[in-house]
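First, one chain by itself: the form predicted alone, in structure tokens.
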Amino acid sequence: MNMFRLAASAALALAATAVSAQQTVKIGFITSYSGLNGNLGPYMERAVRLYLKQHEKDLGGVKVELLTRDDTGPNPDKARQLAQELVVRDKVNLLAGVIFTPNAMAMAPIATEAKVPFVIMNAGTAVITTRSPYMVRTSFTLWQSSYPLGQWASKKYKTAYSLVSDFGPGHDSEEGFSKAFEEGGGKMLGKVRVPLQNPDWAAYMQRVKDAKPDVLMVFIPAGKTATAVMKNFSDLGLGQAGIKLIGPGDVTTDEELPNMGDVALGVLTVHHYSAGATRPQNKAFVAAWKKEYGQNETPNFVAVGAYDGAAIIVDAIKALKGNMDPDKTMEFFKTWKNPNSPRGPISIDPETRDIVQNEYLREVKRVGGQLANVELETVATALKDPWKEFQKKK
């Protein structure tokens, strides 16, 4: 009898192992493949697929299925609809992706109600992760780059002007920079918020030129818009007028540098990632990217946020052996660390579920005949989101 029970138990164990080996974790992956900055969605997806390919053998037979959807740019209604369908119809275990803040905010209630963990791989407005206990962010907040940028700038310049896109990340960038700049003794001569789509850059740049600040801080969504800003800054002669262009890293995003040309040379930014960084982990990441997608392809900060987003998901799958209980998954996310990200050491703040990372001062230089964001110094180490830190003190 005991032998029979032992054999039965062994058979059940083998069956359970077989089920585990065939288990599939479904990720509802929503990003922008069309519309404003539709070029950024593919960077996000490529990064996730690259990481999954590199670490497939680590998953113990668990399969990962990526269900990709196009939110068509900043379109919260579309993003909400897609998230609802993925949760209700496709029964995904996780939500992930999202370029734009309004889309992430629209998806938050769905993550909460359905108890589906949501890994934000780009959207950078500080408040986002407060909207759902099932959100974790592996990208950045604009306060993380803009506040130390303001601190650094206040030591170099006396007056500044800010020009930002008129939506959540732009507001955060403006507020973070100006707070730090004024705390350091600098004076803001003006602040302007421009429409997210099709702004008249020439008119705004002329306003800045007339104000004659020492420095212009610009935040706009990375991509083609950044190139348009750069060329208008140059064409209207702001540089020749003695105005220095600075910003968070979006303004000189790595993949756009070849399109910007020499007008980008000398632009200073603070950011958490540069494809030109010489860290061994980043060199390996860039080499793997080029091997997979072509020697002329360059990963950007959207890619690294998604690459690390895939890393936190893979590590959770390994830790939970593919059984993605939502609350256990979130508890795992809160304590996650990666000392070897391409951007340097990163972790998740267990209180806020937001990324903790270094910020680097960078300058666009020509390296080996190509433009690159060259890291000059680390201006903040293991930086939590400053906005949330300030909220705690209120």
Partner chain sequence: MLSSVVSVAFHGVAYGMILYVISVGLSVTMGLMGFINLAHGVFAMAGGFVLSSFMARFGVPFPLAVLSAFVLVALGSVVLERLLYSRLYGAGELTQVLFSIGLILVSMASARLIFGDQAARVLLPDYLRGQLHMMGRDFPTYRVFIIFFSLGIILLLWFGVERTRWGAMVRAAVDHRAMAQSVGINTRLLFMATFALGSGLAGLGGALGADILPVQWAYPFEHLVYFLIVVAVGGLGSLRGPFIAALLIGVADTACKYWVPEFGAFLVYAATIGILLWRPMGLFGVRA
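Residue numbers count along the first chain shown, from 1. Keep in mind that this is a model prediction, so the values were computed, not measured.
Quick note: we don't show the form predicted together with the partner chain, though the next part is all about it.
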| property | result |
| --- | --- |
| Partner-contacting position among Gly266, Pro133, Pro258, Gly242 - heavy atom within 4.5 Å of the partner chain in the predicted bound form | Pro258 |
| Exercise: Ser34 in contact with the partner chain in the predicted bound form, heavy atom 4.5 Å | yes |
| The partner chain contact in the predicted bound form: Tyr204, any heavy atom under 4.5 Å | yes |
| Partner proximity in the predicted bound form: Lys179 to the partner chain, non-hydrogen atom cutoff 4.5 Å | no |
| 4.5 angstroms heavy atom contact with the partner chain in the predicted bound form for Pro345 | no |
| Three-residue site Asp200, Lys231 and Leu236 fully in contact with the partner chain in the predicted bound form at 4.5 Å by heavy atom | yes |
| Partner-proximal stretch of 266 to 274, 281 to 289, 136 to 144, 249 to 257 relative to the partner chain in the predicted bound form, 4.5 angstroms, heavy atom | 249 to 257 |
